[in-house]
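Given as structure tokens, the chain that follows is alone and in the form predicted alone.
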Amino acid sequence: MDQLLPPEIDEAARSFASALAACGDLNALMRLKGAYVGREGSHAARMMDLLKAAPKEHKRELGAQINAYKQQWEEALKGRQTDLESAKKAQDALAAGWDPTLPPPVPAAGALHPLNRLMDRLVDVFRPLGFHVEEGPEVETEAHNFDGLNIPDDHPAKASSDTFYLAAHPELLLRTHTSPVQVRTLLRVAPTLAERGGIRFLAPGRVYRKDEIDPTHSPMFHQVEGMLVGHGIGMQHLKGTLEYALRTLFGPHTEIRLRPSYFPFVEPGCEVDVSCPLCGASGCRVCKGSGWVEILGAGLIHPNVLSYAGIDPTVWSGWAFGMGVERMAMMLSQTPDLRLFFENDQRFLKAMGGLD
């Protein structure tokens, strides 16, 4: 049947779809419509002239072919016209409410996550005291995560029910605290510790434990640890440093108290509480009416930790502390559910100051 129509008609039929898609407005569509199905000079008009001049035996077959082309073109043109008219209406409606004197819309800018902002704030508190930041890998060895911290083999934290061990490398694990950074740093600086006159640093980062997800627990969370090693360091230096840092964070009238506690890597160890910054120590839901909020664990570095790194505990001493970043963020913002920090709800992040 193709031989009944001239080649230029077949070529026009083949190029119709691309020509239709290229119509970006109604004016272009009307020009295309005139070229294909207009009354005069269009491809459809030329085909009708050919039909009139065709031999009688070809008229039926040629007419069917011409009608198929015309129907296909007309339906496609009608559908495209509907789409373009809808788009124009939407554009006109938008233009009707547009005020050219208003400033252009500004896209939302990204910002640091609230937890990162809080960790940076903690680091900034300690920088004037000479502390710098040390980092370490999140995939650790048992030696750095447990052995170098005086944690015994039968400690519950070493069980696979508490710690994520790598199936392909059972000797490796996801660190359960940022304390392995202390071990790595002490091992690195031990040969030059005397030349340095001691060391003081912070170790912020992510840690992992096999905790069930609930409003106060997550298998991934953040910690900031601090360590100072020098000559003649005692609990008075730890208490004085923490008083300065926590009053910088929570206000100059903040009180702190140290309660005895046990951690394998410090001796003596203590829990550190602050007077509740939300109620002024008068008693509220956050402090459970006590006026005090537990904020971190600390203590003097255990001699075995120093010895493991090759540092003589009879010459050197020091202190260390560790705090949970999410715990502090929840307290400062009165956020009842830890999971909100990880759900990426921009409304929450903006309310927390995590988005500008």
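Position 1 is the first residue in the sequence shown; the rest follow in order. Everything quoted here is computed from the prediction, not taken from an experiment.
Just so it is clear, the following notes concern the form predicted in complex with a small molecule, a form of the same protein that is not shown.
Enquirer: Tell me the stretch among 126 to 134, 69 to 77, 218 to 226, 198 to 206 that has any heavy atom within 4.5 angstroms of the small molecule in the predicted bound form.
Expert: Answer to the contact question: 218 to 226.
Enquirer: May I ask you to choose, among Leu118, Val181, Leu173, Val266, the residue with a heavy atom within 4.5 Å of the small molecule in the predicted bound form?
Expert: Looking at the other structure, the residue within range turns out to be Val266.
Enquirer: Quick check on this chain: which one of Phe321, Tyr308, Trp316, Trp292 has a heavy atom within 4.5 Å of the small molecule in the predicted bound form?
Expert: None of the others qualify; the residue that does is Phe321.
Enquirer: Given that the small molecule is not shown alongside this chain, does His177 nevertheless sit within 4.5 Å of it in the predicted bound form, heavy atom to heavy atom?
Expert: Yes, contact at 4.5 Å.
Enquirer: Indicate whether Met328 is a 4.5 Å heavy atom neighbour of the small molecule in the predicted bound form.
Expert: So Met328 does not count as contacting the small molecule.
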